[in-house]
Structure formats: C-alpha cells, structure tokens
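Two forms of a single protein chain come next, each set out by itself as structure tokens; they are called structure 1 and structure 2.
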Structure 1
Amino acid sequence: MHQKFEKIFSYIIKGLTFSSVMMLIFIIVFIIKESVVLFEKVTIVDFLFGKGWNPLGEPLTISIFPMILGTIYVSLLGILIALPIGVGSAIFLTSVLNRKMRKIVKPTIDLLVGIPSVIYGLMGLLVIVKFFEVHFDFSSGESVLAGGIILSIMVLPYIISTCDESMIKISEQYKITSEGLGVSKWHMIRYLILPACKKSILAGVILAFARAMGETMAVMMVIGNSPVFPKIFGKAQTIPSLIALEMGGAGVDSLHYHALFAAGFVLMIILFLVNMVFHYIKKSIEI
C-alpha cells in the first residue's frame, strides 16, 4: 500500500513538473512567434540600437535602445542603493539584535515583499517625487533617481534574507572560537563573516537585480515614461513600463503590437544573460 502511494505521488510530481516546463516553453514560443513578424520589416540592429520609438507616426522608427538603457540604468541604481543597506541590515539582525528582537524584526522585513507594487508606486509619487519637486526645483520630480530609490526599497528583503541566513550559520561557526581568543565582535564581522558571505551577497544581488529589471508598476509611476536616453535626474522609460503602457492601445497584428512583443523578448534575453554572467561569477569565487 505504501509503495503504491509513493508511486502515485511520484507520477503526480512528474506530471506537475512536466506541465510547468511545457507552460514555460509555450510562453517562450508564443513570444518568439509574435516577435518574428516585426523583424521582417525592421532589422534587429535597428530595433536594438536605433534612436527613437515612434511606431505609429511618420517617419516610422521602432527602436528600444533608450528603454534598454533605462531598464539597466534604474535597476543598477536601485541595487547600488540597496546593497550596503541590505548587507548592513543583515549584520544588524544577526550580530546586534538579540534572538527575541530578531524574531520580531525579521518577519516585518519579509512582509515588504508582499506589499503590492502599486503601493510602492503611490509612496514614490507622493513622497519621493514630491520631495524632488519641492526641494530641488525639478520641473517634474519623476526621474531615474526616483525609480532607483523605489526599486532599492523593493529589493531590500531579497538581499537581507539571502545574507541573513548565511551570516547566522557562519556566526555560529566562529562565535565560540572568536570569543575564546578574545576577538571583538566587529573584528569577527569584518574579517570572518563578511568574506565568508561573498557568495550569499552575490546571490542576493542576482535575485534583486532580476526583480528590479522585471518591475513594472512602481517604476512606471515615478520614472516619467519618456522614451529618451536616461539621465539620473531626467525622465526615462523601462521595457516593462513600455509594454504595460502601450499594449492595451496597440492594434492586434499591427507593427506596434509585434514591436511590443519583441521588446518583451529582448527583456527575457537580457535577464537570461544577466543570470548566466552572475552564475559564472558566483562559481568563480572561492570561499
């Protein structure tokens, strides 16, 4: 009876796994199929490295180069802001707070993941964008910097959670020996815990960067959505926000419609390449 149950359970798991893989393949094939139509009229080079986005007017120009730069720029900015805060927060949780306080603070940080991105967008619009408008005399506070700040808040839990688990294990491993040798807590953090956590920090950056590049709503509400080359205090547009804003108005089977699918395909390839590069870097680090 027990073996029969295990066999049925095994078939169910295999079936679910197969369904997930097939679903992923179907999505990829569908996006490629809808994207290929565009490249019969626009070359891949022009689409990727052209100068403008005007799929409805004259002259017709369909290029997502400014949006590719905008996506990478705002994501990197978000990671640059979030990384020191995330690592510092993980150190604070593992090495400063006692166990009782940690059990209260850690779940609170994890809750940040569950907040809908539109709430982050509203906060960004009402607080960050307004702050830039009032205190820095910006014509409009919507900017790449505002998008980077919002993204940094959104990706913080990914970095903190990834680093936190490793730091606890490493801290437990070295704590007794360090205390026995009279090594201070901060010396142990600087020379033992942080070097041993390189792999975890990098893994957190991978998760956070992938999350940041795919974010749509919150960034769309604070970045200005102008298909121009991004500057830190200027407006820009990301690929997800381009698709979200224009897909509803694009006529089915129009060049505009297929261009948006092609933009989604490019975003998918960029994410794949980023994960490959980071995976290679992670493997090359000796811990």
Structure 2
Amino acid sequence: MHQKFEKIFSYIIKGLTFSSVMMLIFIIVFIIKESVVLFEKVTIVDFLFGKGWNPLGEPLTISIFPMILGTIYVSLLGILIALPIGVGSAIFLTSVLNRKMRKIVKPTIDLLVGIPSVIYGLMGLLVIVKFFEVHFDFSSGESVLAGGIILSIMVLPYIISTCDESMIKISEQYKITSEGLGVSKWHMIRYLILPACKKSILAGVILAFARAMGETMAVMMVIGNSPVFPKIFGKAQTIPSLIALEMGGAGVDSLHYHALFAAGFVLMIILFLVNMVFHYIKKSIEI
C-alpha cells in the first residue's frame, strides 16, 4: 500500500515537472515559430534598423527601430532617475535606521512592488502628465520624461533590495574590525561599503533595466504612443505598448500579426541577454 503511494507520488512529481518544462519550452518555440514567418518577407536588418512602422499602408515598411530606441531610452531614463535615490535609500535603510525602525520601514518597499502597473499609469496620467501640461508649455504632457519618471518609481524597489542585501553583508563582515580601528560609521560607508557594493549596484541596475523594458501598461498610458524617434519631451512608443495597442486590430496570420510577434521576439531576446548578464554578475558577487 505504502509503496504504491510512494510510486504514485514520484510519478505525479515527475509528470508535473516534465509537463511544465515542456510547456515553457513550447511557449518559447511557439513565439519563435510565429515570428520567423515575417523574416521570409522582411530581412532582419530592415526589421531592426529600418525607417518606420507602417504595416498596413503603402509603401509597406515594417521596422521597429523607433520602438527599440524608445524602449531603451525610456528605461535608461527611469534608471538614471532611480539610481541615486535607490542607492541613497539603501544606505538609509542599512545605516541611518536602527534595527527596529528598519523592520517597520522595509515592508513599505514591498508595498511599492505590490502596486499594480495600471495604478502607476493612473498616477502618471493624472499627476505627472497633468503637471507638465499645467506648469510647462507642452502641447501634450505625454512624453518620454513622464514615462521615465513613472518607471523610476517602479524599478526603485529592485535597486534598493539588491544594494541593501549586499550592504548588510559587507557591513557585518567589517563592522568589528572598523569599529576596533576607530573608523567612524560614515567613513566606513563612504570608503568601504560603497566601493565594495559597486557590483551589486550594477546588478540592481541591470535587473531594473529588464523590468523597465518589459513594462507595458504604466508606460503605455503616459508615453503618448506614436512611432517616432524618441525625444525627451516628445512622444514615443515602446515595444510592449506597440503590441498591446495593435494586437486587437491585427488579424491572425496577417503580416501585421507576424510583425507584432517578431517585435515581441526581439524584446524577448534583448531581455534574455540582459538577464544573462544579471546572473553572470550575481554569480561573480557570490564567489
């Protein structure tokens, strides 16, 4: 009886694992298969570095160059804003607050992660975009800058938690020695902890970059969505927002549809590479 159960249990575990792995592989293969169709008609170089996005009109041009630039631009901008605040907050959490306060403050970061992206979009549209429209002479507040600001808030927790983790480790390692030598706390932070955290900060930035590039809703709601080359105060479009906006109107198996799949595929490859770099750096920290 018991042996039978043991056998069934192991079959269930193995079966579920096998099927889940197969499913994940299938998804990746499926996306590749649907996008490859496009490259029979449009060369990869044209698709990546061509002139513009016009999958329905004449002349037919299918290129996601402006969207790739837009995605990278808005993500980099978000990280640029988030980086100083994120690293500063990590120091604040590890060094300024005492243990008790830290326990209270740390979960607020988790709350920031828990806010859904539509609500970030709502805040972006009603607070940031409105602010631009009222206080600056913009024709429309929807801009790359607005997207960057919203993304910076969204990626902040990733930068903080990566830095915070290694800052605690390093300060525990050297605390007794540096206190014994009479080094002040702030001197230690400035000349020991911060330089030692360089790699973790980099890892946090890369993780944040991956998150920012894949973000759909919040960016889509504030960036204006026009497939032009991005400028900081102008509108732009990102790959996820392109897919989200045009998928509903593209018929299955049309060229437009395959182009959207190919755009998703390109984004997937970029994110895959970014994630590989992240894991590589993280591994080198741990050793």
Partner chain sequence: MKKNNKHIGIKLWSSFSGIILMILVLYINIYIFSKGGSGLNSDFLLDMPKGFPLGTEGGIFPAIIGSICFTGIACFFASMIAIATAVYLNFYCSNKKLCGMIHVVIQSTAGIPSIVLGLFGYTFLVVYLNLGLSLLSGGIVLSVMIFPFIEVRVEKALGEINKELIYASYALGISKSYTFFKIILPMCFSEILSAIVLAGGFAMGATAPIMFTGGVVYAPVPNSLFSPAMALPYHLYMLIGEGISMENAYKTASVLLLFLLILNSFGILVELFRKVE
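Keep in mind that what you see is a predicted model, and the values were worked out from it rather than measured. Structure 1's sequence is the ruler for residue numbers, which start at 1. We call the rigid core whatever largest set of C-alpha positions still superposes within 1.5 Å between the two forms.
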I want to make sure I have the labels right. Is the form predicted together with its partner chain structure 1, or is it structure 2? 2
Backbone CA shift between the two structures, residue 8, after core fitting (angstrom): 8.5
Aligning on the rigid core, what is the distance the CA of residue 20 moves between the two structures, in angstrom? 4.4
